[in-house]
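Okay, here we've got a single chain as structure tokens, the form predicted on its own, with questions on binding and movement later.
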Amino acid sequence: MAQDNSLANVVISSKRLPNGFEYIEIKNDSATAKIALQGAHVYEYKTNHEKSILWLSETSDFEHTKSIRGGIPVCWPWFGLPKDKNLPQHGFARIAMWRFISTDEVDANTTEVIFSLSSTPQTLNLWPHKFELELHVTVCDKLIMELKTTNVDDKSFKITQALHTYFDVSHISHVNIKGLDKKPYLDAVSMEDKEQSGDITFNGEVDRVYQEAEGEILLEDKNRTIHIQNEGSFSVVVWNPWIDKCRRMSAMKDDAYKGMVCIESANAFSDARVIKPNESHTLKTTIY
């Protein structure tokens, strides 16, 4: 494809790790990103001359059928642990091979890519519904992700889902999260329903599913503030495993909890979505 001078610095490359693990690398005048074909998993995004917004475990697996620890896993068509313990946690989309559909070099600062995943005999064995799933990723001075679910079955189905974003922070003790004051949430550590009071800070394990979350969320760190804007979502998950759980988790160093926090754009619990035949729902997040 011919490229005019204004797009001379835009590079979109298809690459493989030595073990065959495939990913797309995007570089433009605003930012760089890396997206694995497995899971359509954005595992690196940073604006030029800035530290990465996303946290990625130093010991994360980049192997087929193993989820990447960090970045933005796509949890779909269910969020969390299913009742059937033989099914994968957070659904099958994050370990499935997606198709790289298209790219649009909008301008020197903005690159859009689309990935898709459709039902197969294998997915129907896990979840008996026919679907089409698209992930639109825009890489510019913001990271924009739009996860569109379309029901191509002859009956309605229900989904829960999340864009399970791991944010890189200077230290968890420096973190304040604004925008969820007075919002109700399920505390998954104590299994109690509670209401947020003020900013969210961290001095122990936090695993909460907030509801009625409609406005902008701010992640305030020591040296920067990250903005998170969600659409098609009224639930947000905030998670940090803290000391004991971090030691038990796969693909994480014992002290990894100090440098990360998850703020997940979601349709979870009472925010689950029923999608009728031939209808669609889009979960969108904008991060900058």
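From a predicted model like this one, the values you see are computed outputs, not experimental measurements. Residue indices: 1-based, along the sequence shown.
Only in words, not in the display: the form predicted together with 6-O-phosphono-beta-D-tagatofuranose (TA6), which the text now covers.
Practice prompt. Verify the flagged residues Y185, K194 and S197 against 6-O-phosphono-beta-D-tagatofuranose (TA6) in the predicted complex: is each one within 4.5 Å by a non-hydrogen atom?
Written response: Checked in the predicted complex: no contact with 6-O-phosphono-beta-D-tagatofuranose (TA6) for any of the three.
Worksheet item: Looking at the partner-bound form in the predicted complex, is E105 within 4.5 Å of 6-O-phosphono-beta-D-tagatofuranose (TA6) by any heavy atom?
Response: It does not: once 6-O-phosphono-beta-D-tagatofuranose (TA6) is placed as it appears in the predicted complex, E105 has no heavy atom within 4.5 Å of it.
Practice prompt. Look up in the predicted complex whether R69 has a non-hydrogen atom within 4.5 angstroms of 6-O-phosphono-beta-D-tagatofuranose (TA6), and give yes or no.
Written response: Flag for R69 set to yes.
Practice prompt. May I ask you to check whether H136 falls inside a 4.5 Å heavy atom distance of 6-O-phosphono-beta-D-tagatofuranose (TA6) in the predicted complex?
Written response: No, H136 sits far enough from 6-O-phosphono-beta-D-tagatofuranose (TA6) in the predicted complex that none of its heavy atoms falls within 4.5 Å.
Fill in: 4.5 Å heavy atom contact, H129 and 6-O-phosphono-beta-D-tagatofuranose (TA6) in the predicted complex
No, H129 is distant from the partner.
Worksheet item: Which of these residues, K258, K245, K27, R224, gets a heavy atom within 4.5 Å of 6-O-phosphono-beta-D-tagatofuranose (TA6) in the predicted complex?
Response: Only one listed residue qualifies here, and that residue is K245.
Worksheet item: Can you pick the one in T201, S116, Q89, S156 that has a heavy atom within 4.5 Å of 6-O-phosphono-beta-D-tagatofuranose (TA6) in the predicted complex?
Response: Answer to the contact question: Q89.
Item to complete: Counting only non-hydrogen atoms, choose the one of 138-146, 211-219, 177-185, 163-171 that falls within 4.5 Å of 6-O-phosphono-beta-D-tagatofuranose (TA6) in the predicted complex.
Response: Only one stretch passes the 4.5 Å heavy-atom test: 163-171.
Item to complete: Would you give me the residues of 235-254 that have any heavy atom within 4.5 Å of 6-O-phosphono-beta-D-tagatofuranose (TA6) in the predicted complex, in order from first to last?
Response: Counting only heavy atoms within 4.5 Å of 6-O-phosphono-beta-D-tagatofuranose (TA6) in the predicted complex, the contacting residues of 235-254 are V237, W239, K245, M249.
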